[in-house]
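Listed next as structure tokens is one chain, alone, in the form predicted on its own.
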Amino acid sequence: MTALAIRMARQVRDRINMPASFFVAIALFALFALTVPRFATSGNAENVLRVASILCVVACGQAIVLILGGIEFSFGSSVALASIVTVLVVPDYGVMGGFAAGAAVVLLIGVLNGALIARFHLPPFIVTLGMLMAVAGLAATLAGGLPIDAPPSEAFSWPARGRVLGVPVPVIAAGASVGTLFLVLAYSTIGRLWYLVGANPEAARLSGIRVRTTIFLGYLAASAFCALAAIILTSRVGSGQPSLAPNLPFETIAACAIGGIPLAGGQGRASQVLCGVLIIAMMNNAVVLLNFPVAYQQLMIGAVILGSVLLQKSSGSIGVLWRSSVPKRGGR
């Protein structure tokens, strides 16, 4: 009987590989579906996914940086500058030229961040925070402190409002981002190097890994996700705004933390990003449907972040007890 119980426990341990945030997301969905009017309707579900899509795309980039043991604060101002550059370029070079220019600006900011952090060993916190302020100032200067309306066109609004086979384009972009992050982290060489460098940069260097290049590529990849989100968000608002998405970097950090990605580096999965984003999106949507003040969103998200950190600590202790109580194969 004891042997059967041990075998069943081992099978459960081996087969269940979902993060704890997955079960939190399921529980929240069930709670809101029962208590919040119109929450479980198909129209509201599409709205939740559409709103969460931009956060999901950028959070994939933030996850890479966190796995490297860094942090990225310049996403918000990068998106704002990209929106302004896009709108300024569209009249002369068309919609595609405008979006390409905006994306190039975000990639350039990622290159600068990666180069400063990797080449000069500067703290990511200081570099990206300084970049946030510098880029925000540049965006405000270019726009004169006021939003700049984009020329109205269907092509400009398609990234935010278009559909492919009935599915909104932002939702497709979010799904593609999560899928790409999963494949890169699970099956690519650079993904494995990000884990190794994030866990122990000095050990990675001694083992022959090019740590500087690995860090640089991580920040460049993160900026690529941000560039995609910048295109969608600029298309959604239809203008260049110097104060566009100021809380975006903090929301992405919150999504990753709620999903279970530690800030210490060396760990993180695409499924954790997706679960964390869905948790934040569902909470925000429930607050809106219940007509609660906007301040409740910040209160709830802050409480969930603290709870997720405590859950990670407790799950780590439980995991140690679990592994010690369930013998390995061949053990007695």
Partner chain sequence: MTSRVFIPHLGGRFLVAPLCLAMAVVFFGGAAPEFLSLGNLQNIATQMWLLALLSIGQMFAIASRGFDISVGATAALASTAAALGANAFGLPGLLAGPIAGLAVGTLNGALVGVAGIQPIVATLGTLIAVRGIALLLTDDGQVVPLVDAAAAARMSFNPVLGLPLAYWAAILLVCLAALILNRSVIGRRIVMLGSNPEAVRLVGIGYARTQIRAYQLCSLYAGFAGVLLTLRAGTGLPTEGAGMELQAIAAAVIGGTALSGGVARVVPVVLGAAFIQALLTGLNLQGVSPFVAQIAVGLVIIGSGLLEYAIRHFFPVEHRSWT
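Quantities reported herein were computed from a predicted structural model and do not represent experimental measurements. Numbering follows the first chain given and starts at 1.
The protein also exists as the form predicted together with the partner chain; that form is not presented, and the subsequent description refers to it.
Participant: Answer with one of L193, M131, A245, I231: the residue that has a non-hydrogen atom within 4.5 Å of the partner chain in the predicted complex.
Facilitator: Exactly one listed residue reaches within 4.5 Å, namely M131.
Participant: Please pick, from L289, I305, L28, V48, the one residue with any non-hydrogen atom lying within 4.5 angstroms of the partner chain in the predicted complex.
Facilitator: Comparing distances to the partner chain in the predicted complex, the residue within 4.5 Å is I305.
Participant: If the criterion is a non-hydrogen atom within 4.5 angstroms, does every one of F120, A140 and V294 touch the partner chain in the predicted complex?
Facilitator: Verified in the predicted complex; spot residues all in contact, yes.
Participant: Please check if P91 has a heavy atom lying within 4.5 Å of any heavy atom of the partner chain in the predicted complex.
Facilitator: It does not: once the partner chain is placed as it appears in the predicted complex, P91 has no heavy atom within 4.5 Å of it.
Participant: Applying a 4.5 Å heavy atom distance criterion, does A40 contact the partner chain in the predicted complex?
Facilitator: Looking in the predicted complex, residue contacts with the partner chain do not include A40, since no heavy atom lies within 4.5 Å.
Participant: Is there any non-hydrogen atom of Y187 lying within 4.5 Å of the partner chain in the predicted complex?
Facilitator: It does not: once the partner chain is placed as it appears in the predicted complex, Y187 has no heavy atom within 4.5 Å of it.
Participant: Does F250 reach the partner chain in the predicted complex, with heavy atoms at most 4.5 Å apart?
Facilitator: Looking in the predicted complex, residue contacts with the partner chain include F250, since a heavy atom lies within 4.5 Å.
Participant: Which is the contacting stretch out of 213-221, 132-140, 172-180, 102-110, given heavy atoms within 4.5 Å of the partner chain in the predicted complex?
Facilitator: That would be 132-140.
Participant: Go through 102-116 residue by residue and record those having a heavy atom within 4.5 Å of the partner chain in the predicted complex; state none if no residue qualifies.
Facilitator: If the 4.5 Å heavy-atom criterion is applied to the partner chain in the predicted complex, 102-116 yields only L116.
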